[in-house]
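In structure tokens, one chain follows: the form predicted alone.
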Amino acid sequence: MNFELDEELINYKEKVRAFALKEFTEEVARTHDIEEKYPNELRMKALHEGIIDFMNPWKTMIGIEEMCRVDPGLGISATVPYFGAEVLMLHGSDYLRENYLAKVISGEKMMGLGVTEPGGGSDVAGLKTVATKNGNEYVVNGSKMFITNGTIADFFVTLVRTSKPDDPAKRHRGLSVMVVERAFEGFSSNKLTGKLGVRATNTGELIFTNMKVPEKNLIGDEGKGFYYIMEFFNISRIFVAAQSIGIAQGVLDRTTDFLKKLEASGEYVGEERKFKLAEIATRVEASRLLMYKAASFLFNYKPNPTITSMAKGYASETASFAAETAMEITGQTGISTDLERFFRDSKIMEIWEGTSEVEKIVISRMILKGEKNE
């Protein structure tokens, strides 16, 4: 078993890091955080320089980690224009892939994923947005909340209810996924501001009022939307793990530099702070190895939901632990540096793409069912 990346991935990792160190300056990061402004210019630069290789999942994962290591808000912003693309790749028709996905990959358009609603996030099957079939189109009414790219994406892969389940205990049935364009009549959105962290990303509310969606915009089969979205989450959780590990590694970098400078100046560091540094480093390494294991299953078309949820859950908690512990180590210094931004950015890792509690539910359920996780 080889734990080292091959030469191609090592070179790619170095390329991404060099790009992030050059473009994600403290001034740029601070400005977009304060103004809560999406850095579209960085998205285009990353696209033109081949920083994001969306067609290679290993590179995508490694690229996300390296960019978030320099700045989480900017790093996540560079990759979210493709958020939800896997649903189109796996289940979209030729028409949908050519007219929507291809334009995202070329940089012409941005996309988003519309699943979470005002009444709940983790309870996907309980969504209220309804799509009623009318001839060769659907009439959609409802809303979505906390949607990434909410006011800047050109279209959204959106989960809706197309039929009521016969059995109330099986609410996950009767859900479908379709492409909704911002340009459709009856579509509106509002930007959400004042977020705790990742403020460089755009977050919004989507509102659908008698919005008409062509039948050809249905993704895959009607009624299978829940399964498509769960499949997507099993993929996207790998990338959230990468975001989390990038944050934790970035925190580790800065905390290490802080302690080195203290020692160099002759100040007393103390064993307690060294112990805390060692624990951050150990958790980062453990999280990364767990993510690589989950990725090795998923990227070889043998997804293991147990390992994936372990990777996402543990990595996200590692990000929060690292940021909080770094604040304890650095004290007043940390509050006045970009560690403060990392601290704020880390919390969302435990929430989106499945909260830590949801991941634990998935893990325990799979274990009790006797699923293998070797």
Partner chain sequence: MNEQAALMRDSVKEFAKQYLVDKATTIEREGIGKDTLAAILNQGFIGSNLPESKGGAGLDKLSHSVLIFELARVSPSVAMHVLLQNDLVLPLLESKPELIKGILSGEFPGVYINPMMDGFIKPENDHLLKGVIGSSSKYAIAIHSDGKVYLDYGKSEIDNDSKPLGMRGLGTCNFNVEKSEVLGEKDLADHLLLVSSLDIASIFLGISQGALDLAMEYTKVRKTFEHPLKDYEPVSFRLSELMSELEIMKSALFSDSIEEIMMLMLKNQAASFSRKVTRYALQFHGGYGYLEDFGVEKFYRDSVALNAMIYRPTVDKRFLATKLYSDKSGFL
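Numbering follows the first chain given and starts at 1. Nothing here was measured: the structure is a model prediction, and the numbers come from that model.
This next part talks about the form predicted in complex with its partner chain, which is not shown.
V179: touches its partner chain in the predicted bound form, heavy atom cutoff 4.5 angstroms: So V179 does not count as contacting its partner chain.
is_contact(E350, its partner chain) in the predicted bound form, heavy atom dist at most 4.5 Å: Residue-level check for E350: yes, a contact with its partner chain.
Contact label in the predicted bound form: N40 to its partner chain, heavy atom within 4.5 Å: Answer no; every heavy atom of N40 is more than 4.5 Å from its partner chain in the predicted bound form.
Heavy atom of T330 within 4.5 Å of its partner chain in the predicted bound form: Looking in the predicted bound form, residue contacts with its partner chain include T330, since a heavy atom lies within 4.5 Å.
Of R288, H91, R161, R199, the one that lies within 4.5 Å of its partner chain in the predicted bound form (heavy atoms): None of the other options qualify; the answer is R199.
Contacting member of D166, E185, D253, D123, with respect to its partner chain in the predicted bound form [4.5 Å, heavy atom]: None of the others qualify; the residue that does is D123.
Segment that reaches its partner chain in the predicted bound form - one of 46-54, 337-345, 303-311, 59-67, heavy atoms within 4.5 Å: It is the stretch 337-345.
Sequence-ordered list of residues in 4-39 near its partner chain in the predicted bound form, where near means a heavy atom within 4.5 Å: Those in contact are R30, I34.
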